[in-house]
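Given as structure tokens, the chain that follows is alone and in the form predicted alone.
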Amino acid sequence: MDAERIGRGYAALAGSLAVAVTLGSAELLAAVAGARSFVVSVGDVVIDTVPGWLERAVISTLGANDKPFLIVSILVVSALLGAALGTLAARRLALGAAGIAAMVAVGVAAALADPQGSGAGAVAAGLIAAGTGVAALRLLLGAAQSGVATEPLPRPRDPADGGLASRRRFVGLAAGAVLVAGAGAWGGQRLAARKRVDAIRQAIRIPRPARRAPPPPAGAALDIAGLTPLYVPNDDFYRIDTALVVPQIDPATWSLRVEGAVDRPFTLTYADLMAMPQIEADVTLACVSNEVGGTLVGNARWQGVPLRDLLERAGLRRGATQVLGRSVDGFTAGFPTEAALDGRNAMVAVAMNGKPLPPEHGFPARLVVPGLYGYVSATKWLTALELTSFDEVDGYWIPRGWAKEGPIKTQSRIDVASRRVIAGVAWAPTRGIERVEIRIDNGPWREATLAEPLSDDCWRQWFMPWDPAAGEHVIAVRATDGGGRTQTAERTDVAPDGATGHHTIRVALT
């Protein structure tokens, strides 16, 4: 290539478009070959390697939008790398080709490390995508070298001199590159969408549990506009996990292994699990990343096989002090074995609010352990239960700065502060809520009215009538759990074991 005849702007654009073609082709080819998306696989590696403090900051700032943000960031970085490669390739094509090959190699390596993908498919997709990208780079730079880039926006006085035609050729190739990249990405997404398990889920009939949860008592759900419902609908339930793309698992090929420090390891199919006696229980789950007053908490009616039954069938050995849940995507979370044996409704759940688990919440099976933050207990897309000890294995989040044990702290939240009422929810799973108090404008603490309880594992709604004067008011809330312990006013960060403090809001009333 003759760098003097190719403007930097055109060279950079050519490189970015060539990388876009590479990525679009890779998406389509990976989907055809049964491999994981390179972009998603690289994103998974990023999630697994970034420092814990950065991960916490992103979740705290973006919440459930952290995953789209990461995908967009990867695409933006790829485009910038492509621009740099285009500039290098204008001087020497081999440099740009090597750069594209290196980017593809990173994607292939990430896909090979992914337990959900096809290794051979990833390699084949990578080789073809790299060749497609290099070919696109060569064509685009060739069009630029033909004369289109001698000026940033050439306007030849005589159209017969070929400059305008060369410019049109470059624009045409650029438009073609955009179409190829877009079609590849769209086609890959369409093929991946065909693998969704929605139709399979709709055909599943949840068996009648051997032990049903009692119906909610009258007065357990308050009819107050803006108050979080007693049971959060599945589509609205918070989602925090490390999966960039929700795993789509066919229950016909899924299995659950119970292994490790046990006398009788065994494997269950989905049919085996569904045939076992099941329980139903109302349980509030909370994320350790939930800030004071945050929304990363929800209550649902869960159904599944008691974890105790599975462990007793396996036969625990001495030293089996930790239950480590393993997900199909490699995520792990561990909690004390005692939490599965002390009588709480710990289960391998298969249903949520009366329906098969949504894919976003762990279909076909997940762990639900009352009283423990999700980072140590709520493994989604469960594929193995390993009995081990805390000295032998750490769950995914522990090396990233979180505590090994994560009991949910007593918390309360204000959802509504109108001219008529203040209302919200409070939770202390396994201990229950005994009292909720409100303080207005630094006055005395006043006791709120509690809704009827579902169980000690669930949150309780509360309210207090209010007839405020016009102006700005400061409202704080605190809860006392069933053991008589009132939540502390001391504000702490979510790391390493959950935030503390009183939820406090300011309202201006006219």
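Small disclaimer: the values here were computed from a predicted structure and weren't measured. Sequential numbering from 1, following the sequence displayed.
Separately, the form predicted in complex with a small molecule exists; it is not shown, and the next lines address it.
*Asks:* Within 4.5 Å, heavy atoms only, which of Phe363, Trp427, Tyr375, Phe335 is in contact with the small molecule in the model of the complex?
*Replies:* The residue from Phe363, Trp427, Tyr375, Phe335 that makes the contact is Tyr375.
*Asks:* Between Gln322, Ser327, Ser412, Asn299, only one gets a heavy atom within 4.5 angstroms of the small molecule in the model of the complex; which residue is that?
*Replies:* Looking at Gln322, Ser327, Ser412, Asn299 one by one, just Ser327 meets the 4.5 Å heavy-atom criterion.
*Asks:* Is Asn353 close enough to touch the small molecule in the model of the complex, meaning at least one heavy atom pair within 4.5 Å?
*Replies:* Asn353: no, not in contact with the small molecule in the model of the complex.
*Asks:* Determine whether any heavy atom of Phe170 comes within 4.5 Å of a heavy atom of the small molecule in the model of the complex, and answer yes or no.
*Replies:* Taking the distances in the model of the complex, the answer for Phe170 is no, it never comes within 4.5 Å of the small molecule.
*Asks:* So in the model of the complex, does any heavy atom of Asp241 sit within 4.5 Å of the small molecule?
*Replies:* Yes, Asp241 is a contact residue.
*Asks:* Could you confirm whether Trp381 comes within 4.5 Å of the small molecule in the model of the complex, counting heavy atoms only?
*Replies:* Close contact exists here: in the model of the complex, Trp381 approaches the small molecule to within 4.5 Å, heavy atoms only.
*Asks:* Using a 4.5 Å heavy atom cut-off, which stretch among 198-206, 230-238, 276-284, 99-107 contacts the small molecule in the model of the complex?
*Replies:* In short, 230-238.
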